[in-house]
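Taking the form predicted on its own, here's one chain by itself in structure tokens.
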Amino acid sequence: MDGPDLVNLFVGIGLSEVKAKETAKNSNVSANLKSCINAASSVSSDEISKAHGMLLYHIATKIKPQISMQIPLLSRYVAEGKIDSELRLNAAMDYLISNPLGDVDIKAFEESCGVGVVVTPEQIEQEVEKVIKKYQAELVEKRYRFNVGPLMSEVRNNLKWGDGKVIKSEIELQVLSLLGPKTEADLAPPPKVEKVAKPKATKPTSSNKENLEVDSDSASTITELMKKVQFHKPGENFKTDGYVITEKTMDLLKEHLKITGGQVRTRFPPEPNGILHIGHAKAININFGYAAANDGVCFLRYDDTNPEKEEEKFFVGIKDMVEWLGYKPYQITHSSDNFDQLYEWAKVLIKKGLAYVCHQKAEEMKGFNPVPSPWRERPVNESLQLFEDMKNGMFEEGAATLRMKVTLEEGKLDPVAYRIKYVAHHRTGDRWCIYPTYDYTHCLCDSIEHITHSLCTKEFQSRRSSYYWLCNALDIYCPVQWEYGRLNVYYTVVSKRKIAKLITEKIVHDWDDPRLFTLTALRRRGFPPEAINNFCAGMGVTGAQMGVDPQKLEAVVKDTLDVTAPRSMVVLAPLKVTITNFPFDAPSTIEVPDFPKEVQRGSHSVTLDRVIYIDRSDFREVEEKGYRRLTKGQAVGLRYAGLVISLENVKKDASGQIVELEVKCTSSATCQEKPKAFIHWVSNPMFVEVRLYERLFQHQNPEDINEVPGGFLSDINPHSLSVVEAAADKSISGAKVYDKFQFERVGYFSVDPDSTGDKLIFNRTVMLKEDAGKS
């Protein structure tokens, strides 16, 4: 049936011409609707009514592939008038999706969707009367501003198959009877309620409309966010779109539920060939967060199937970062734990004619239109023997692979399951010279661990069909794969290969260089783990890939450190200042609050002496318009000291560089004119090293050749790191590695691991917002 005929067919059941044309363009919905019409027409030769036509259209658009074979059943029930509303129809489809295999129990089916159940107007009237009586006092008080929605829901819950329109009409009638006609007061606009501003949330735009589309407007933590995600319930894998059901599926799911007790199980499966980065933080939070939000467990599984790139430091680093973010794995497992089982399953695939040994070279298999393998149909026994030969080291690397007979969504044909690598494995030593690939290993390890939700980034969507195919081909439990959009941060690179290049080129020092966005680097820079977790929560959970400016992450870090980092005074560019009329005979001690807005949280002592140090930026020899700090004609206050200083003399060295200021002081309490600014200072300081970090790259997308034709190494910011010797108050002398402070008026800083007993080193985490006039 061609396009015009289809449109006429669909118009004939009550669709508008526009809707009919739209439907005809969708081959899947068109096929479903044709099946519906054929089945309905077989019941009666009469023309299909518009009411029935709309229900048939509902079947065609809403039915899931798992129960598409039941289209004739549903259509007949609609045509016979046994299913006469969307409510009953949805209940019927829910029943069928819960019982996807075998013959339909007609009695249970009809009970599930209320076939034959009649709700009379008298029953509706009585039920509405009960509910109105229950809420009568509130109705009388609020009159027509009372929200009758909950009343409608309560009646519908008690009379499941009652006609919604009749229920609504009866409620309106009884409310009118109780309250009488609307008065002028009822018709007047409601009083304005002052709106409470929502905190700003980092929210990328996305057009994705899958079940995992959840924004972050009302979620401040990852647990809150993941409670909103509409994934399937454990054991109800068969209800998800695209899930493949076989005759053994339901029995396998029952066995799975016995083993897990219906518990949610997720896993975080990194390859131990590099350090985790900010994108992994999202994956960690989603996997561990979803499990935590549903009282489940999350495995940390090392996908250690590529021994030539794996190092012990990466295993340790991954575990450290997961725990640093505040998560404890239920179990730590390795893909290599299952090498024996994976090998046995590979032989099962060969015996079933679903895998074969191939001798094509890697370059011959690349791309989306490679030459089909001439060995695809080789005899089963021959492939079994050759696979055994591969295991026994009788082929050179690249001379043979084991390939699966399946086509990925992206069109890639027969992905490799095993390849030869003469490299010792960190756990199994020289026992194996063949190693399984990700495409083969991933879903099988998920099955072995009885993972309920295999959560991964969107690029793995093209492997979903092979994931289901492989589990079903081996007749083993099949988890459900859900995909979410990966997180990319601008002005950085996270590729392991490119970070390794930055290290070998001595552009950065190591994987934890604070200019990188690896998690070890962010920890060293001073980012609190809870800030990273909250940032991930702020991103929401969507299927859209998102790119984020680092400033959005830094804003969350600032918010966290603002309430956790005690204040201290540190001068980055110290300039000596002598108070010529120092009012005390000896150095005095001042108690300074750790958190000026919350003095009850504690304080620390600072020394005030006749010689202090201020920041060079807080003095101008030549006055400038709008400058509010110390000049020849402008005094400035000293924070916490109760003093205002004014310039008397400027001392310079032979080169003309200012080396000292001489000032006189007055009490701020008796000062006739309040100073425009109060600056920080130190006295009798200790000297510390401070590392000031800027963006490593100059362009938003350093890997994009359109933005950076010379490649990412040509885009390095030459000013990404500067080191200064700063004068610090001695109250921070006992600081330990990763302790965090706000250096007042400057920014947030963290103690670097390079610090020694003789010298503290601080990394700038983030700057404070610049004050107008630099006060």
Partner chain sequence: MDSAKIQQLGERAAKAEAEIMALMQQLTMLKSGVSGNGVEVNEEAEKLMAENAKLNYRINIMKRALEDNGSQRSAKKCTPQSDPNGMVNILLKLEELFGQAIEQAFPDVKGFQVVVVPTTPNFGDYQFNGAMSLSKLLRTLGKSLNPREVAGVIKESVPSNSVIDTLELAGPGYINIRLKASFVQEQLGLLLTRGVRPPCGVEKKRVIVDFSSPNIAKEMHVGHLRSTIIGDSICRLLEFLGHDVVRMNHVGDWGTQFGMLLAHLEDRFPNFAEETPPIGDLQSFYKESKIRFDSDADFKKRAYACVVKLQSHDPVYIKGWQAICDVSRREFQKIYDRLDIKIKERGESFYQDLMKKTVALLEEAGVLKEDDGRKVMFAPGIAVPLTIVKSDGGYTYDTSDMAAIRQRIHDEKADWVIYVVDLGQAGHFETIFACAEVAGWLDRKKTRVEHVGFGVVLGEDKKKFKSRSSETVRLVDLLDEGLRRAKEKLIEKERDKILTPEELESAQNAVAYGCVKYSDLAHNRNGDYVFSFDKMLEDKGNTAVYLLYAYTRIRSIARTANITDEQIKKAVADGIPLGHEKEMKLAKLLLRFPETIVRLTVDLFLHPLCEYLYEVSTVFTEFYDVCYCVEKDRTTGQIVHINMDRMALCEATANVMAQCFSLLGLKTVQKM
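If you're wondering where the values come from, they're calculated on a predicted model, not measured in any experiment. Positions refer to the first chain, counted from 1.
Omitted from view is the form predicted in complex with its partner chain, to which the following refers.
Peer 1: Is residue 422 close enough to its partner chain in the predicted bound form to count, meaning some heavy atom within 4.5 Å?
Peer 2: Yes.
Peer 1: Flag residue 429 as yes or no: does it have a non-hydrogen atom within 4.5 angstroms of any non-hydrogen atom of its partner chain in the predicted bound form?
Peer 2: Residue 429: yes, in contact with its partner chain in the predicted bound form.
Peer 1: Would you check, heavy atoms only and a 4.5 Å threshold, whether residue 396 touches its partner chain in the predicted bound form?
Peer 2: Flag for residue 396 set to yes.
Peer 1: Give a yes or no for residue 501: in the predicted bound form, does one of its heavy atoms lie within 4.5 Å of a heavy atom belonging to its partner chain?
Peer 2: Contact with its partner chain, no.
Peer 1: So if I measure heavy atom distances to its partner chain in the predicted bound form, which of the stretches 461-469, 132-140, 587-595, 336-344 falls within 4.5 Å?
Peer 2: In the other structure, the partner sits against 336-344.
Peer 1: Could you spot which one of 433, 635, 171, 91 gets a heavy atom to within 4.5 Å of its partner chain in the predicted bound form?
Peer 2: By the 4.5 Å heavy-atom cutoff, the listed residue in contact is 433.
Peer 1: To verify the annotation, which of these, 600, 147, 657, 392, has a non-hydrogen atom within 4.5 Å of its partner chain in the predicted bound form?
Peer 2: Flagged contact: 392.
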